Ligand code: CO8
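The data below hold one chain only, encoded as C-alpha cells and taken in the form predicted on its own.
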C-alpha cells in the first residue's frame, strides 16, 4: 500500500480569559465619552471627529462575533490604558507566545499518539510574532525536546494553511519524518481598542497540527492530505505597519496605522469571490465536486463572509454541520480560525468523507487543503 501524507493530530489551547461584546462596548463607550469630553473644543472646531458610540448588536450584526478569548484581560477594559497588560519576561524565561504554542503542541502530540522523538520539524506560522529572533519555533522546539529544526512563518490569516503546505511538502520529499505546525495567535496587543470598527474583531488562541506519513500514523482520527493549494495577490486593504523601522523614521510606533486596520467593505467584496473560486478550482483540479464535500472548515473572520462563500459554492445556505462556525465564541483568531473549526468538528466524520480547510486574509492570501478521513 502506497504511503500518503496525513494530518494525524490537532491541538487547541484556549486562554482562560474572555471578553463579551457587552464588556467591550461598555469600556469603549466610556473611553469614547471621555475622549470627546477631553477634546470638545477641537471637535466643535471641526479639527477632529468625535468618537462614535457602539452597541453589542452592531458588533454581532457586522461580524457574528459575540465574545473573544484574550491571553491577558487586564488593561483591555481600562479606559486609561485600552490594551492588554503583559508581564515582562527576561531572556531566560519562556516567552508569552512560546507558552501558548507549547500548550497547543502538547495537545496535538497527544492526539496523534506522538512524542517529541517522532517530530523533527517545527513551524510556528501565525499573523504576528512577538520578536524578530531567535525564532519562536526554535524556542518551542527546545522546550519540547525536539531534535531537528524550526522556523517562523508570517502569512497573516493564511499562515496556518501555508505552514501546513510546507509541512506536507517536507513529508512528501522525505526531508522530515514528522512536522508540528503551530499557530500561536497572540493578536490582542495589535488590536486598536479605541477604534469602533475594529476593536471587537480579534481574539487570542493557539492551535497545532501534526503532519506525518500514513506509514507511521497510529491516531484514531487521521486525514489523508489529498491536495494543497496556495495563492497570493497583493492588496493594501488589510494592513499592519508595525515594525522596527519606526526607530529610524521617528514615527509613533503605536500610531493607528501601525496597528491592525482594514477597508472592510473592499475586503468583503474582493475576497469572497476569490475564496469561492479558489476552493472550486482546487476541488475541480482533483476531480472532486462541491457536492462531494462533507465539511467546510473555513477561515473564521466574519460570519457574513463565510455564509456568502458557502452559498456561492453550494447554491444555497450551508448548514452549521457542513460549515461550522466558531467565531461567535472565539472571534477572528487570524490563521487559527479554520484550525479551531477543524479541531472541534472532525471526529464525527466517517472513513472516506472529504473536507476542505481554507483560509483567506491579508496579502491577499488564500490557502486550502483537501482532506479525506482515513
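This structure is a prediction, so every number in the text was calculated from the model and none was measured. Positions refer to the first chain, counted from 1.
Separately, the form predicted together with octanoyl-coenzyme A exists; it is not shown, and the next lines address it.
Novice: Using a 4.5 Å heavy atom cut-off, which of 329 to 337, 315 to 323, 345 to 353, 31 to 39 contacts octanoyl-coenzyme A in the predicted complex?
Specialist: This holds for exactly one stretch, 329 to 337.
Novice: Of 161, 187, 141, 97, which residue is found within 4.5 angstroms of octanoyl-coenzyme A in the predicted complex when only non-hydrogen atoms are counted?
Specialist: When octanoyl-coenzyme A is considered in the predicted complex, the option within 4.5 Å is 187.
Novice: So octanoyl-coenzyme A isn't shown here. In the predicted complex, which residue out of 70, 341, 59, 309 has a non-hydrogen atom within 4.5 Å of it?
Specialist: By the 4.5 Å criterion, the partner-contacting residue is 59.
Novice: So in the predicted complex, are 191, 199 and 302 all sitting within 4.5 Å of octanoyl-coenzyme A, heavy atoms only?
Specialist: Answer is yes for this spot.
Novice: Using 4.5 Å between non-hydrogen atoms, is residue 157 touching octanoyl-coenzyme A in the predicted complex?
Specialist: Yes.
Novice: Residue 136 versus octanoyl-coenzyme A, in the predicted complex: is there a non-hydrogen atom within 4.5 Å?
Specialist: No.
Novice: Give a yes or no for residue 222: in the predicted complex, does one of its heavy atoms lie within 4.5 Å of a heavy atom belonging to octanoyl-coenzyme A?
Specialist: Residue 222 lies outside the contact set for octanoyl-coenzyme A.
Novice: Within a 4.5 Å heavy atom cut-off, is residue 361 in contact with octanoyl-coenzyme A in the predicted complex?
Specialist: Yes, contact at 4.5 Å.
Novice: Which residues within 119 to 140 place at least one heavy atom within 4.5 Å of octanoyl-coenzyme A in the predicted complex?
Specialist: Contacting residues: 127, 128.
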